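Only one chain is given next, in structure tokens, and it is the form predicted alone.
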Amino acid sequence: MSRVVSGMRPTGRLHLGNYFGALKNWIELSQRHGCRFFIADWHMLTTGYEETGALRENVRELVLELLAAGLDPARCLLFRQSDVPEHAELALLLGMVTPLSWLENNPTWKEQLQELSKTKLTRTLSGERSAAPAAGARHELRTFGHLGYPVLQAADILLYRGEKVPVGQDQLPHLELSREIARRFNSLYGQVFPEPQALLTQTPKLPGLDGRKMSKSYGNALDLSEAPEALAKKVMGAYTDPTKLRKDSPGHPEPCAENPPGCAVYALEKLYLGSDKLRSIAADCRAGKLGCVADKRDNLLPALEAEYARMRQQRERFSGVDVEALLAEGAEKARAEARATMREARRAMGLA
């Protein structure tokens, strides 16, 4: 079995985009590989360092949602990043050999600074002082921690001699930076770390209820913990096709010139309904035989309700779990591996 390493930031409740983008894959990987999954609370601080009031509760909620979705801690190592201080020690050592230019050329870093600059320019044009923070200190991303987060990310992987890292196509540059850091360390001090390989995952493009990418910040997400009434309300209000004004109007379920984003409801149905049912829905929609309200009520909502009922039942089953004890147990096992790695890294660098 390959050794797989991945983490998830505790930034609030998970939604369907998180489930199909990462969590579903975690559950499947844990059946076939030796997996180390961690709650990345230190990574949350790289951008949310002023919003820590709910951090401990968010960690607890995240763990319960992982369990409710089907992740079995008996089949993987599940722990909190900050409970294993060797993550920070290895990040410090790797940071000593990582050129600054590698971090400054990180696409994500540059994109976020560009967004920050745009915000500041808007404030300046509105008559406010350009020296003022863009939107409060929490949006100031020119911090050592945020610039250096790829080094911490590399430490997260290399600390457990990670062989495979599940990523989407758009995340490959981030993993390549971890590989470059491992190569540089090995070239200086001898072969200590394996170069982690990408485990490419097919992540469906999941639209939110308004047709844009599903995101908590857009307010268009279906949380995994939605109550039945809230789920029904959100589904029935989901974006469909603005050109389909009446039930008998021809619709466009797939993205096209008439409806560029496509129908968000149909995109969600692809995840839950069989191919025969999907073909029938698409054909009736295009022919003006199926209205949007009826489609949501009779097709998408029942499919979602069945899945959500299962997760609610699982959530209730795990409601009494001592999350802190579960994470502590995982951290103890993780630290055993981490200590062994750090002994070798220190010895290679000539440290005590």
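These numbers come from a predicted model, not from an experiment. C-alpha atoms forming the largest set that superposes within 1.5 Å between two forms make up the rigid core. Note that residue numbering begins at 1 and tracks the sequence as displayed.
Separately, the form predicted in complex with a small molecule exists; it is not shown, and the next lines address it.
Contact with the small molecule in the model of the complex, judged as any non-hydrogen atom within 4.5 angstroms, is confined among 154-162, 214-222, 99-107, 182-190 to 154-162. Using a 4.5 angstroms threshold between heavy atoms, Tyr239 stays clear of the small molecule in the model of the complex. A residue is said to contact a partner when one of its heavy atoms sits within 4.5 Å of a partner heavy atom; Thr243 fails this definition for the small molecule in the model of the complex, lying far away.
At the 4.5 Å threshold, heavy atoms of His43 reach the small molecule in the model of the complex. Contact annotation for Val167: at least one heavy atom lies within 4.5 Å of the small molecule in the model of the complex. With the partner removed from view, the residue among Ser249, Gln197, Gln171, Thr143 that has a non-hydrogen atom within 4.5 Å of the small molecule in the model of the complex turns out to be Gln171. Relative to the superposed core, Ala232 shifts its CA atom by less than 2 Å between the shown form and the other one. In the core-superposed comparison between the shown form and the other one, Leu77 has its Cα shifted by less than 2 Å. Once you line up the core between the shown form and the other one, the Cα of Val167 ends up 2 Å or more from where it was.
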